[in-house]
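Alright, two takes on the same chain below, each alone as C-alpha cells: structure 1 and structure 2.
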Structure 1
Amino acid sequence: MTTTRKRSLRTSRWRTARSYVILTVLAAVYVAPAYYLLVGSFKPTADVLGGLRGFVPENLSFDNYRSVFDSLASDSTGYFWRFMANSIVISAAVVVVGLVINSMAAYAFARLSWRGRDKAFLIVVALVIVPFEAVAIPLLFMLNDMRNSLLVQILPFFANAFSIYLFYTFFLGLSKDVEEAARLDGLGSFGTFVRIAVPSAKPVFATVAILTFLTTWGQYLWPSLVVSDPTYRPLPLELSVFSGQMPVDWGEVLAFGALLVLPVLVFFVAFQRFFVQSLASSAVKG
C-alpha cells in the first residue's frame, strides 16, 4: 500500500516536472519571434540581422524609438502620433458604436416583437457568412468619394452580423422574469434593455469588444484600399510603408512594430484572464 502510494507520488511528481519541461521548451520556441522583436527594437540596426546573436540582449538603447519619433515628425513623412491617434479613434469608434448598435439590434430580435422581425433576422444570419474580403472591392467602388478620411475606415464596420448573433444568443438565454417584472413596473422596451438586459450581458459585451478591437486595430486590407494620404493612415498600414523604405532601418522598424502592438499588449496583460475566458465562452456558444 505505502510503496504503491510512494511510487504513484513519485510518478506524478515526475509527470509534473516533465510537463513543465515540455511546456517551457515549446513556449520558448513559440514566443521567440515576439521576443526577437522586443530585443531587436532596442538594438542598433547592424545587430538585428546578426543571426542568433539577435536574441542576445546587448547594446540596448532607446535610440530606435527616438529615431522613429524623429523621422516621423514632419509633414512629408507623417507624424507618429497622428498614426497612433488615427488607429485609436478608428478602433474606439468601431468598438463603442458597434457595441451599442449591435446589442440593440440583437435585443430587438431576441425580445421584442415587430412585423418583419423574422425575415430581417434571416438576413442577419445569412450575412454572417459574408466575409469582409468579399465586399471590400465593391465597397471601394461605392465609397470612392470618401477615400482618405477616418470616416471611411469606420463606417463599414459598425454593424456586424456576427456580433448581433453573439448578443442574440445571449439575450435568448436570459431569464425573462426580471424583464417582465420591470415591464409591469412601467419600464418601456428601451428602458428594459438598458436597465435590465445590458447589465447582465457584461461577458458578451466584453467578448464582442475584444474581438472587434483586435480585428479593427490590425486591419490592413481596407485601409490599403482607401487610404493613400498619410494624414489618415492607421498604424499597420504605416508600418508596411515604413518598413518598405529602402534601405530598411531594421532597428527603427522593430521599434515601430513594438509601438504598434504595445496598446494591445497592455490591454491583453491587464485583462488576460478575462480575455481568454470570454473568447472561449463565446466560441463554444457560437
Structure 2
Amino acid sequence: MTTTRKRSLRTSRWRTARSYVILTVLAAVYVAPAYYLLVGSFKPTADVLGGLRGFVPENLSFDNYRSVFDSLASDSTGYFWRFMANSIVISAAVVVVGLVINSMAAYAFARLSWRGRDKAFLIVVALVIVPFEAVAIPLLFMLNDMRNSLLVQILPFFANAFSIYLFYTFFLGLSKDVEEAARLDGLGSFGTFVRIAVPSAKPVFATVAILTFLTTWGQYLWPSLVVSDPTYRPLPLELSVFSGQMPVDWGEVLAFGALLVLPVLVFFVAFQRFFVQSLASSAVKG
C-alpha cells in the first residue's frame, strides 16, 4: 500500500469518526429533553430539581401518574380523559377534513383550468408566511359567538396554505398521460382526482396528516383565547392550568407532559413509513 493511499485512508476514517461524533452530539441535544421528561415523570420532585441527577434513572415509581389521574378526576378539577378526548376529537377532525379540503384545492390549482387560478394560488402561497398569531385576534372577533365549543377550535384550521402547497407540488409531478387516459375512459375531474391522484399521493397524505396532527395537538394560543369552560379544554391548555397550581409538583407536571406526548408518538409510528417514503421521494426529486 503506497504512502498516499494510506494517508487517504486515514483521512477518510478521520472524517467518518468526526461525522459520528457530530451526529452523536446533535442526537444527544435533541434526545436529552425527551429523556429528562420520561425519566423525570417517574421521579419525585426533589430528584427532578436535582440538576444533572435528574438524568439518573433512580427512585422510579408510578406515583406521579397516579397523582395526575387522582387530581383530575372530579367535577371541580375536571377529568383527564375528557381533556384527552377533546384533543383527540379536535385533532382528528382537523386532520381528516383538512386532508380532503386541502388536497382538492391543490388538485384544482395544479390540474384544472379556471379563471383567476394563478392569482388565487399566489394568495395561497403568500398566506404560508403569515403567522397565525397575526390573525388570531381578528379570528376571535369573527368567531366570538362560538366560544367555549369544540367547533371553534376546529373550524379555523381546516384550510391550510402550507398543506395546499405540499399537495400542489406533488400533483404537478403526476403524469398527465395517465390522467388523460382516465378521462378518455369516462372519468370526470372529480373521478380522476379520486381514482388516480389520491392513490398516488399516499405519502403526501401521510406527511400532511402527521404535520397537521402535530400542530393541532400542541395548539395552545387559540384555545387559551376561545375556551374558558373546562368542559371544552384540550390537553395543552389543561397542562398550563395544571402546572400553575401552587405549590407546583414538577414530577406530576412531567408525568402530565409524558401523557400529552404519548398519542403523538402513537400517531407518528402508525404513519412514519409513509412519512419517510415521502421525504425520500422529495430528496430524489431534489
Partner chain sequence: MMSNSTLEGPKKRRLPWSKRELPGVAMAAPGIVGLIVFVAAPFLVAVFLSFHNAQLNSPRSPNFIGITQFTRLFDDAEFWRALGNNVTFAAVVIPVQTAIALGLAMLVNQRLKGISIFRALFFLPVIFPMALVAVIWRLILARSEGGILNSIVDVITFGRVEAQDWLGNPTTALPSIILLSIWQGVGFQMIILLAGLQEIPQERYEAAQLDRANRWQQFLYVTLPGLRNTLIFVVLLTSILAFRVYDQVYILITSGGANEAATQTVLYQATTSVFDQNNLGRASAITVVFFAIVLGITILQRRLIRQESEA
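For clarity, a rigid core is taken as the largest C-alpha set superposing within 1.5 Å between two forms. A quick note: this is a predicted structure, and the numbers were derived from the prediction, not measured. Reference numbering: structure 1, starting with residue 1.
- Form assignment for the chain places structure 1 as the one matching the criterion, namely the form predicted together with its partner chain.
- Put the two forms on the same core and the Cα of F62 is off by less than 2 Å between the two structures.
- With the core superposed, I137 shows a C-alpha displacement below 2 Å between the two structures.
- Annotation for L221: C-alpha shift under 2 angstroms between the two structures, rigid core superposed.
- Fit the two forms on the rigid core and the C-alpha of V266 turns out 2.8 Å off between the two structures.
- In the core-superposed comparison between the two structures, the CA atom of A17 travels 4.7 Å.
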